[in-house]
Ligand code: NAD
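One chain follows as structure tokens, the form predicted on its own.
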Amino acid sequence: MKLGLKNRVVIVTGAASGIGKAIAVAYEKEGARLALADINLEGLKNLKKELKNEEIYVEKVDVTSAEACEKFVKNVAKKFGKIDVLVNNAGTAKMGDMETFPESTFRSHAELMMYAPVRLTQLCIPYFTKNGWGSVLNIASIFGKQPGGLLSYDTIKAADIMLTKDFSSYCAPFNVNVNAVCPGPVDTPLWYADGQLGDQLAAATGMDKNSAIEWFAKTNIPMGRYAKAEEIASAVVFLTSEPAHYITGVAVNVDGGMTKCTL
């Protein structure tokens, strides 16, 4: 199947590692022109070297800053002359007691995973309408559909699914589709890096990190394993392709059968 992404200008946030990196690699294989954002500039530069593509534009961007987002989008448009696809991927998660979960953490997560996708989508819409074509993909989560025990993450990802649906209705007349991909647990640094979810799960269960991660997969995921980042990327790339352009307003589960709800 030809996806029609060659020479499309694609923005990916949180692209230095994990799912974002896999998404960037998948688009590069399709011949897209990439604009990659992350607070980890060194990681972006390393990815650019790995891909051996000097046309990739990378910029250190704190997407929680409205000013930084506006500057980044303008820089991308100036370099490539257009913007075709926006992938809102930047995110994080933190376990915590429901009763004592810090409001400041909740607010910072909302800035990163809810307000940033809203502002970036708003900034890109004029470029999509000028093209007469565009696509937005939000990385939500199955924990936006059913509880996962992560207070801020679950709540914000549910909001991401709703903003996906709202923007899809608004953007449809401009020939712009807006969708979400809802991963279950994915084999990325969000789980395995020091201090991240694997360590948090280990502390909660009394297991070592690797045992806790394996136990969680075997207990909760019918396929018995975490997703590979590349499996999430494949869904993202397809939903923003020309063959999938009539699909809009959906939140697609990529979770090894973990979701129990009917949506």
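Numbering starts at 1 and runs along the sequence shown. Remember, predicted model here, so these are calculated numbers, not experimental data.
The next section is about a form of this same protein that is not shown, the form predicted in complex with this ligand.
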Should the three residues A16, D38 and G184 be counted as contacting this ligand in the predicted bound form, with contact defined as a heavy atom within 4.5 Å for each? yes
By the heavy atom within 4.5 Å rule, which residue out of A180, V76, A90, V176 makes contact with this ligand in the predicted bound form? A90
Looking at 187-195, 77-85, 121-129, 163-171, which lies within 4.5 angstroms of this ligand in the predicted bound form, counting heavy atoms? 187-195
Y153 within 4.5 Å of this ligand in the predicted bound form, heavy atoms: yes
Touches this ligand in the predicted bound form: D62 (any heavy atom, 4.5 Å): yes
Look up in the predicted bound form whether L112 has a non-hydrogen atom within 4.5 angstroms of this ligand, and give yes or no. yes
Considering non-hydrogen atoms and a 4.5 Å limit, does this ligand approach I139 in the predicted bound form? yes
